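Form predicted alone, single chain, as structure tokens, below.
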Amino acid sequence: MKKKFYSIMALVLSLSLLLLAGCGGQTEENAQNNDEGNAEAPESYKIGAIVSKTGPANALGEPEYNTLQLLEKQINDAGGINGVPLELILVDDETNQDKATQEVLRMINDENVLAVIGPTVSGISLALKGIALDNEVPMVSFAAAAQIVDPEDPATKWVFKTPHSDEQAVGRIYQYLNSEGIKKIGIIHDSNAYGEGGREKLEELAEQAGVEIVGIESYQAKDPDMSAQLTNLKSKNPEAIIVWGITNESATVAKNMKSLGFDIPLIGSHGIANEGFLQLAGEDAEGIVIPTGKLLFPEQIPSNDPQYEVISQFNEAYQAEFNSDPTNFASYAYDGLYMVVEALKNGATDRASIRDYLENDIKDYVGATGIFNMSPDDHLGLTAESMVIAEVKDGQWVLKK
């Protein structure tokens, strides 16, 4: 009896060992499969977004704010990102650097966002670069200054941007001046980061373009009158004046030039490509020329343009939602958000992989601003050829043929 008991126990043990051995041959594979099968999708993909909806840059930031609200709703109504909802932590920095800094730190540390898109203006963008580097969080700026993505700056590793740089805008202006036979210019610019960046590029590229700068003047944000600076420039006999600033002060320059009897062209930067400038400058805006992206006049873009479909669909949705036209500033937010979404869709779901995707995989990407080709040496990826020349005609921005 005892012998029979031990025989049965031995058989049970043998069968158990065989069963365990059989399972053991699949343990690693099964564990991996189970991990993959049981991996829980996040409740949402959080992206921080900070723009100047109010404050001095509100004409730029409000269409960005509107765009981000619109796109978040569209993306989630369509099922989110691979089934995961998009959650935008959307904040108005009031065009205030201190508030922007506090809010971005909150987004990174408390909200644990995967990326930050924005801010609107160059000065605040430059101030936030160090935060992006220190926290290793990708940031996609909506501001123009070339320094934001300076490849010599270590912080640029984590920073990208969507608007054309001042270097590209200056190049496009000089092409236009050459076509018009204009050789001598005066410059008046904002003393902030955006204005200084434009002035630097205007000086740097002038000789190569065959343009002589006969005088340079600057102004402070919120200055109510630029007549003294313009009078100084007028005495130098320029053939055109270039103003490098954003909406309010550039409108003041336009009005002052008319009151001082200037009879030469005024050329603006892409920082005034919005309806707010036209409203502020009124009839004194007539004839002003700027370099710009194509979203400023979506109905005038030919149907064979590679950006036509993106621009047309976005314009239609924006007008339906807000009963107003989007501007180039809306396009900067559109492209910034959608490039991060593209990274998430393709499996880049942490900060480092999103950064890597933006740098290495945004190729021939057709956006509302232009066609992007980013690389380790170029965290913008646009060319000057995607800019066109606009003119104010009968109180409206029109594509200059």
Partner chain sequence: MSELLQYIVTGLTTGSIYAIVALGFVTIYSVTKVINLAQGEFVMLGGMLMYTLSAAGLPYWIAFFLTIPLVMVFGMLLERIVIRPAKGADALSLIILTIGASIFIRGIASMIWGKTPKKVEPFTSNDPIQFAGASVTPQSLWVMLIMLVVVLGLYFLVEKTVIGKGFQACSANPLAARLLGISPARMSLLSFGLSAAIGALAGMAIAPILYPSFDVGLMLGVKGFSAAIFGGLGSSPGAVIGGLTIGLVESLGAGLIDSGLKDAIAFGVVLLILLIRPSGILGEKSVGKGGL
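What you see is a predicted model, and the numbers here were worked out from it, not measured in a lab. What we label the rigid core is the largest C-alpha set whose atoms superpose within 1.5 Å from one form to the other. Positions refer to the first chain, counted from 1.
Quick note: we don't show the form predicted together with the partner chain, though the next part is all about it.
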| item | value |
| --- | --- |
| The single option of 259, 178, 300, 313 touching the partner chain in the model of the complex, heavy atom within 4.5 Å | 259 |
| The unique member of 227, 135, 97, 319 whose heavy atoms fall within 4.5 Å of the partner chain in the model of the complex | 227 |
| Close approach of residue 280 to the partner chain in the model of the complex, 4.5 Å, heavy atom | yes |
| Distance check, residue 201 to the partner chain in the model of the complex, heavy atom within 4.5 Å | no |
| Proximity of residue 220 to the partner chain in the model of the complex, heavy atoms at 4.5 Å | yes |
| Exercise: residue 58 in contact with the partner chain in the model of the complex, heavy atom 4.5 Å | yes |
| One stretch from 108-116, 153-161, 325-333, 247-255 that, in the model of the complex, holds residues within 4.5 Å of the partner chain by heavy atom | 247-255 |
| Within 127-152, the residues that have a heavy atom no more than 4.5 Å from the partner chain in the model of the complex | none |
| Cα displacement of residue 228 between the shown form and the other one reaching 2 Å, rigid core superposed | yes |
| Cα displacement of residue 298 between the shown form and the other one reaching 2 Å, rigid core superposed | no |
